[in-house]
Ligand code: HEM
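Below you will find one chain, with nothing else, as structure tokens; this is the form predicted alone, and questions on how it binds or moves follow later.
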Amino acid sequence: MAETGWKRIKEILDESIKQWEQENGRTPALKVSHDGGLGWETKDQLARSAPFDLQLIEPDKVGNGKARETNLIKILSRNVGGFRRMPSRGPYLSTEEIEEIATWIDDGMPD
């Protein structure tokens, strides 16, 4: 099976936002509602994303089978602490899409 690359991860995340916009009838205020710490225009931006000072992809969990322990995979899969599963109120990513993102992280976040 071929490695999932950044292009596919960005596609999954972008499509998630398009579906959210269609369901909610508006553009989400991602930067405002996430304390300015969220983005994925580039792989590096996603790697640095830390809404509310909580890094989504912790470097020590990349490339070593610990992707499911990252804040990104947790928040895409379920409510975490006082935070709702993302995107807020859905529609949510499928289990398969979340698994693609986790595999990408486990593979070292290849381009």
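Everything quoted here is computed from the prediction, not taken from an experiment. A residue's number is simply how far along the shown sequence it sits, counting from 1.
As for the form predicted in complex with the named molecule, it is not shown, yet the points below apply to it.
Trainee: Would you please decide whether residue 54 lies within 4.5 angstroms of the named molecule in the predicted complex, comparing each non-hydrogen atom pair?
Mentor: Answer yes; at least one heavy atom of residue 54 falls within 4.5 Å of the named molecule in the predicted complex.
Trainee: Test of understanding: in the predicted complex, would residue 98 fall inside 4.5 Å of the named molecule by heavy atoms?
Mentor: The answer is no: residue 98 has no heavy atom within 4.5 Å of the named molecule.
Trainee: Using a 4.5 Å heavy atom cut-off, state whether residue 30 contacts the named molecule in the predicted complex.
Mentor: Answer yes; at least one heavy atom of residue 30 falls within 4.5 Å of the named molecule in the predicted complex.
Trainee: Heavy atoms within 4.5 Å of the named molecule in the predicted complex: does residue 102 have any?
Mentor: Contact with the named molecule, no.
Trainee: Select from 75 to 111 the residues with a non-hydrogen atom within 4.5 Å of the named molecule in the predicted complex and write them out in sequence order.
Mentor: 75, 76, 83, 84, 86, 87, 88, 89 sit within 4.5 Å of the partner.
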